[in-house]
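Quick heads-up: it's one chain on its own, the form predicted alone, in structure tokens.
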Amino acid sequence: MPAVTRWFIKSSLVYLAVALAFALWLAGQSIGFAVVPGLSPVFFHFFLVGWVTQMIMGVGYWFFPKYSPEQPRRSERLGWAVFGLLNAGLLLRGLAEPLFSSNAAATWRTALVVSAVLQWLAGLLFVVNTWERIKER
């Protein structure tokens, strides 16, 4: 298993655990847990992008058909770029969303846009790196 795949999968499991903890916190708000503004969108991003999407990307990078004997997974550099951009975008979102919800300063609005762009770039680079691996036998 390539190192980047291990990082994708292990990171996705961490996001799953954190997202489930956020889900418990969100449920607990109805019985007196402190209300954290912006926690709901962070939960959804950590769950869907952090766990589901990242797991799919990691397994896809590993299992999709080989690109060539010399570059079976096409570009390892692009794989790491996808991992870095996706996680930077997720972590920035996790920080900026609650801060924006409690203080709608332009800084946090900009941080949310940057986080979205980072995640979008990660998705785009994943497609670029994977596209040619999907071919007829």
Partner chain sequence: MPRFSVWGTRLALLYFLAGFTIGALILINKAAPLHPAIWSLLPLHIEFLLMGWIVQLVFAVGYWIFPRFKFEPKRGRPGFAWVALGLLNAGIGSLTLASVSGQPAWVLIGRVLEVGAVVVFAAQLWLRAKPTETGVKV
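Note that this is a predicted model, so its numbers are computed, not measured. Residue numbers count along the first chain shown, from 1.
The next section is about a form of this same protein that is not shown, the form predicted together with its partner chain.
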Should the three residues Val49, Phe63 and Glu97 be counted as contacting its partner chain in the predicted bound form, with contact defined as a heavy atom within 4.5 Å for each? yes
So, in the predicted bound form, is Thr53 in contact with its partner chain at a 4.5 angstroms heavy atom limit? yes
How about Ser115: is it within 4.5 Å of its partner chain in the predicted bound form, going by heavy atoms? yes
Is there a non-hydrogen atom of Arg6 within 4.5 angstroms of a non-hydrogen atom of its partner chain in the predicted bound form? no
Although the partner isn't part of this model, could you tell me whether Met1 comes within 4.5 Å of its partner chain in the predicted bound form, counting any heavy atom of the residue? no
